[in-house]
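Presented as structure tokens, the chain that follows is alone, the form predicted on its own.
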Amino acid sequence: MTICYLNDDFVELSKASISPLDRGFLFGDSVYEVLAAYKKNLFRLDDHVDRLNKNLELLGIKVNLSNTEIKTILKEVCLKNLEENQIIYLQISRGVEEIRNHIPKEDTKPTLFVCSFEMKNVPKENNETIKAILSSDIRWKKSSIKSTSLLANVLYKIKAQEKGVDELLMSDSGFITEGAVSNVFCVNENRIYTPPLEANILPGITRKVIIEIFQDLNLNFEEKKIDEEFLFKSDELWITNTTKGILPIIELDKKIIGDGNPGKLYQLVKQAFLKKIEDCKA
């Protein structure tokens, strides 16, 4: 039995229901967060709530809850579900209105939904390597907003599955943006690179953690525009996200990256990331 939170109540997920007139359902007029919980401890909770608030402000969605109240709800959902390691999903839409209209009413009450899923692949020392393909970026130009309007991402993941790979990396006018569900890092001559936030990418929380690790370990690092040729010539290629942590790409468009094995810098950063998970407290 999975317990979720929906508009002031904790209920069984199978019994939760939302009106078809909810603007999140009709327009994708909503934002979301995905958090990892390790041993019932929510990882980087403050960072997720800070990003949520920024997105709500950008969209003009006003939630009558304090940061403390939102964090309490997230923790309660985690505690009410049995799994030690969980993926916590939070979504806030602009709410339900009586008539479908593109222009929202000012007094519409937001819909708040939080649920939990078991984390199937907990980051560990010997996670799998993955393969990816490259495709043009067809998304809108506000991908820094964590909107539930994810149709392009869905199509990308379907394409990746059809091609027999794990992820799809995107490029815009020849420059890398991000993965369908991840941020991208590459290594060239012992220097680490990732596209800047100005490149229409999501400011990933795991991305932020990994950059902190670079600073902790005094690694050579730069945020810069990365063209496709540079990416293919990389010695190492990684992706990061909340549900997977950090994973190495060993093949892109059927071309081997580096020597086809996880690189030395990846191994170093991965160990530091695992240590941050081990040390995390809710």
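Here the structure is a predicted model, which means the values were calculated and not measured. Note that residue numbering follows the sequence shown and begins at 1.
Only in words, not in the display: the form predicted in complex with a small molecule, which the text now covers.
Stretch 181-189 is the contacting one of 116-124, 181-189, 78-86, 95-103, since its residues have non-hydrogen atoms within 4.5 Å of the small molecule in the predicted complex. When the small molecule is considered in the predicted complex, only one residue from L202, I211, L112, V165 comes within 4.5 Å through any heavy atom, namely L202. Checking T72, T148, Q161, N153 against the small molecule in the predicted complex, a heavy atom within 4.5 Å turns up for just one residue: N153. The closest non-hydrogen atom of T206 lies within 4.5 Å of the small molecule in the predicted complex. Of the heavy atoms in S234, none are within 4.5 Å of the small molecule in the predicted complex. Interface residue remark: N241 is counted as part of the site for the small molecule in the predicted complex, having a heavy atom within 4.5 Å. In the predicted complex, the small molecule lies within 4.5 Å of some heavy atom of R51.
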